[in-house]
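The chain below stands alone and is given in structure tokens; this is the form predicted alone.
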């Protein structure tokens, strides 16, 4: 049933642009909103890989997204680099920069690591704002029309499919990684670093690797976002963005790809619905995080699991025998 549900969702997403054709001029707006959600879902998955799989707190994920976006934008503006190469270059830049946080992560944990990552995100945002010669400062960078292997990809429909395919690839990569020996090492470190080290897991190297993989995915998402929006500026990657990504993982439930995507749905919906009032989205999401931590520590994932367990434990009607009995 789960496989059928996933296939049905993918088919619905694939035919969505056809359904939007009836909206006329609003088609472009909705395609951009949903494409942006796909990109943010990739960032949420990358952060969940770090927090939910290896147990390392990060409040500066927007810094890696910014590095990916600015790398792709600069290469596109100055050297007319196309979308795939720009995206990979942005992902590689973010992965290399993750070493700045990866090595301190071997010695820090908990809120101390969260403070360091928060400082990293703020530093990247300020560098983008002050380094006018490279980043354009508060004026930002306008990209050329994106190309995909020599084919024009600048239409809203084509960029929609680029973002959708990128999300599917990210899900498959993370899902496959968690089932490997590396993924099991991440889980062991999350449960207990001492026990993981006793079992022969190289704790320091594994924690650095978790940062690298997470940053690579976030940088790739940033590169796609740059081509999707056609413009990047420092205000796109401030502390507010880091808190939004953090909220996606907490609300969705850590340690779950569907949870990260579900959290991205909730957060992106709240952000767009409250966009007309400054600061309202952060206030609403802050309240939601408090409620989740107090009453639903497992987030959406834990809530759905609890409901499923209760349904399975519910006594069957008289004369009906459960299959698992």
Partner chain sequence: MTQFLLQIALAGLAQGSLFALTALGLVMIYNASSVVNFAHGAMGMAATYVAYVLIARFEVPFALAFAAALVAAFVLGAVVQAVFLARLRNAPLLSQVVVTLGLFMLLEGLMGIAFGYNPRPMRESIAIAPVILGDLVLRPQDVLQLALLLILGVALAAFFAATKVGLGMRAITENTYAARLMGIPVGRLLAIAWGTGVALSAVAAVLAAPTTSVTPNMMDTIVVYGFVAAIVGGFGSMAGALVGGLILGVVVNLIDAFLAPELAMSIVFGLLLLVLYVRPDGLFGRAQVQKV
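Residue numbers count along the first chain shown, from 1. Since this is a predicted model, take the numbers as computed values, not measurements. Basically, rigid core = biggest C-alpha set you can superpose within 1.5 Å across the two forms.
The same protein has a further form, the form predicted in complex with the partner chain, not shown here; the description that follows concerns it.
Chemist: Scan 34, 28, 266, 280 and let me know which has any heavy atom within 4.5 Å of the partner chain in the predicted bound form.
Modeler: None of the others qualify; the residue that does is 280.
Chemist: Looking at 230, 84, 154, 114, which is the one with a non-hydrogen atom within 4.5 Å of the partner chain in the predicted bound form?
Modeler: The residue in contact is 114.
Chemist: Given the partner chain in the predicted bound form, answer whether the residues 137, 139 and 273 all have a heavy atom inside 4.5 Å of it.
Modeler: The answer is no: none of the three residues contacts the partner (heavy atom, 4.5 Å cut-off).
Chemist: Can you work out whether residue 123 and the partner chain are in contact in the predicted bound form, taking contact to mean some heavy atom pair no more than 4.5 Å apart?
Modeler: Yes, contact at 4.5 Å.
Chemist: In the predicted bound form, does residue 100 have a heavy atom within 4.5 Å of the partner chain?
Modeler: Yes, residue 100 sits close enough to the partner chain in the predicted bound form that at least one of its heavy atoms falls within 4.5 Å.
Chemist: Going by a heavy atom distance of 4.5 Å, is residue 89 a contact of the partner chain in the predicted bound form?
Modeler: Outside the cut-off, so no.
Chemist: Is the gap between residue 55 and the partner chain in the predicted bound form 4.5 Å or less for some heavy atom pair?
Modeler: Close contact exists here: in the predicted bound form, residue 55 approaches the partner chain to within 4.5 Å, heavy atoms only.
Chemist: Within 4.5 Å of the partner chain in the predicted bound form, counting heavy atoms only, one of 245-253, 72-80, 142-150, 217-225 shows up; tell me which.
Modeler: Selected stretch: 245-253.
Chemist: Quick one: name the residues from 117-139 with any non-hydrogen atom within 4.5 angstroms of the partner chain in the predicted bound form.
Modeler: 118, 119, 122, 123, 126, 127, 130 sit within 4.5 Å of the partner.
Chemist: Comparing between the shown form and the other one on the rigid core: C-alpha of residue 280 shifted by 2 Å or more?
Modeler: Yes, the C-alpha moves 2 Å or more.
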